[in-house]
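Only one chain is shown below, in structure tokens, and it's the form predicted on its own.
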Amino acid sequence: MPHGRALTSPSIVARIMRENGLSFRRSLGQNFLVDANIVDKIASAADLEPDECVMEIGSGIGTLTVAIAPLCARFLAVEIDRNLVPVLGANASGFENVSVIQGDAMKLDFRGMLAGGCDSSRPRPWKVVSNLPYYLTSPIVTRLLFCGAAISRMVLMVQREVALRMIATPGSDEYGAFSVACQYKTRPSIFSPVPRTAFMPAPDVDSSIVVMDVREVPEYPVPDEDLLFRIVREAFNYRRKTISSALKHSFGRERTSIAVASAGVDPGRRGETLSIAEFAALSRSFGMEFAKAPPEC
């Protein structure tokens, strides 16, 4: 099997698929990178040290795997497609630091897989470097953000629309609960645009490389993150309503009125205009209200 930059050659990728009786599975979001320059950009964005460890989700035939593995101490290559796993294993066979895991990223225990940090002798957080399947990008990123694993940076290939949601500001059309989660947990930025021609087969959308540096401590910490994101979800479930109207469905009219006033938020504003700092203030206010009395009937 070919290694290294050969895996970015469309003709070689086509031959590998043909010789193994494989076809690209749209249902699994299989669009393989065939642009060496984009692979190099992803490796640059990962900014790896030789003693760091990497997890890749959606390894495919191993294009990113064989490019990144020489740069780190340990590499976990996760692939859901059982038919691709032997090809991935063969292409990565020259790297003793690569472990191939067949599994569904929506079901795997990331916290357990990455427990203890990268190196037991000198624990370090992991880095996640992936060309994610676009139909599951948001759910996978959300799982990674909240799985409790020690992750310091994520370098992800995502649909451009998703990248814009990650970095969206309050009041913009792209701003939503996913934006708040990404920015509460990380410092996301768009590293580079990626054209459709960088993939085989070419997707119907443009893409971006996103870098997400995980915050050791949130900029606006709260005592109860579950409560915070319950408030965020409710605010965006009713994004065209005022924040008071949106939250009263779950928290009751009187309690919402008191908590919103205590947080210093104008009750007539829409949730889609609130900053993370304001959502955090609401969370703390509701937390104090819950501590005072039992939930309303």
Ligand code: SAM
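Bear in mind that the values here come from a model prediction, so they are computed numbers and not experimental data. Sequential numbering from 1, following the sequence displayed.
Although not depicted, the form predicted in complex with the named molecule is the subject of the following passage.
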Exercise: Asp226 in contact with the named molecule in the model of the complex, heavy atom 4.5 Å: no
Exercise: Asn31 in contact with the named molecule in the model of the complex, heavy atom 4.5 Å: yes
Pro125 within 4.5 Å of the named molecule in the model of the complex, heavy atoms: no
Touches the named molecule in the model of the complex: Thr256 (any heavy atom, 4.5 Å): no
Interface residue in the model of the complex among Gly103, Pro193, Pro221, Pro86, criterion: non-hydrogen atom within 4.5 angstroms of the named molecule: Gly103
Listed range touching the named molecule, judged in the model of the complex by heavy atoms within 4.5 Å, from 165-173, 210-218, 128-136, 146-154: 128-136
Residues within 4.5 Å of the named molecule in the model of the complex, restricted to 59-92 and counted by heavy atom: Ser59, Gly60, Thr63, Leu64, Val78, Glu79, Ile80, Asp81, Leu84
